[in-house]
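Starting off, we have a lone chain in the form predicted alone, written out as structure tokens.
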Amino acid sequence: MRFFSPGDRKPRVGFFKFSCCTGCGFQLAYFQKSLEDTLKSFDFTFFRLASSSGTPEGPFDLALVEGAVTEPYQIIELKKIRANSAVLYAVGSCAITGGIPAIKAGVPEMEVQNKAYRTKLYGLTSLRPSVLGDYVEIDGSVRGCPPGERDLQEAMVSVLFHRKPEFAGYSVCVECKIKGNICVLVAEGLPCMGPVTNAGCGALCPSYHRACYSCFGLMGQANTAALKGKFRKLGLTEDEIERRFSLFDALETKK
């Protein structure tokens, strides 16, 4: 992590997109309660969702990159972004764990490619999905689908104050306890992924009596075997359990 030297200017930010739904970009551009403060504090020199101008060449004090790597050209672009950025954060589940684009990881790539591109007129091709960290060094991961505003703010503020960001490393269950939620897994028998899912969403789904589906990805040292055993007791089939664990973490479950 190479922090910028502020001088008399605001830190330059570039926001880049690979294979994803652009939800992380929307979260930053339109849903932030602190958007006005963000614009006052940073110079967005490249952000296609917000402006057609700007240059992707940088240099950038901070690069935010969303999306999984699923095409050959993206590897080249990602390495250029890394070379031209002091700090690079992977943003969102697709960039960090593979997310929805990685669901195809369990099928041979050529089989998927032949189904998706039935004609070869345009020379279209794809790769087995990969996360950003497979190709470049990243300085932090802003989890979520899309990421929470708190973590987005933490990532950007850390650059302003020359420190490493502090992201939650505990499970969604902790957030449920903080909010005083009744456990939907124990009390209602819902197949909740909260015990193994990294926090950051504020226990959004359980707060509305819905089971967590792990869009923030598996946390470190998650006891997946225990939760799978609980799901079996609830009557879920092995296929149903596999789908819950691979919805956002297919690259991890397909190793």
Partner chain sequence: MKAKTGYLGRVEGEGALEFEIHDGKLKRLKVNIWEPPRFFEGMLVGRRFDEVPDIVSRICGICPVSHMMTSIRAVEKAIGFEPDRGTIVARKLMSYSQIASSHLVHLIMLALPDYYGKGSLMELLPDKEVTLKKFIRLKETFNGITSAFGGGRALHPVSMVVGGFTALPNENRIRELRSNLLSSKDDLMDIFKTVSGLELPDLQTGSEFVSLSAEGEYAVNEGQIVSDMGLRGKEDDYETLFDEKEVPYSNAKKTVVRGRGPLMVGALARIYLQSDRLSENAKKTALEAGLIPDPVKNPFHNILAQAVEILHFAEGCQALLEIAKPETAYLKPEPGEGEGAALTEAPRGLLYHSYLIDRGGIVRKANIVTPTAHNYLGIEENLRRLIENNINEPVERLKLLAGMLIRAYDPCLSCSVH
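Positions refer to the first chain, counted from 1. These numbers come from a predicted model, not from an experiment.
Not on display, but discussed next: the form predicted in complex with its partner chain.
In the predicted bound form, does residue 36 have a heavy atom within 4.5 Å of its partner chain?
Yes.
Is it the case that residue 23, even though its partner is missing from this view, gets within 4.5 Å of its partner chain in the predicted bound form, heavy atoms only?
Result yes; residue 23 sits at the interface with its partner chain in the predicted bound form.
Taking heavy atoms and a 4.5 Å cut-off, does residue 29 contact its partner chain in the predicted bound form?
Looking in the predicted bound form, residue contacts with its partner chain include residue 29, since a heavy atom lies within 4.5 Å.
Please run the contact check for residue 228 against its partner chain in the predicted bound form: heavy atoms, 4.5 angstroms, yes or no?
Because no heavy atom of residue 228 falls inside 4.5 Å of its partner chain in the predicted bound form, the answer is no.
Quick one: which residues from 93-117 get a non-hydrogen atom within 4.5 Å of its partner chain in the predicted bound form?
Going through 93-117 in order - heavy atoms within 4.5 Å of its partner chain in the predicted bound form - the hits are 100, 101, 103, 104, 109, 112, 113, 115, 116, 117.
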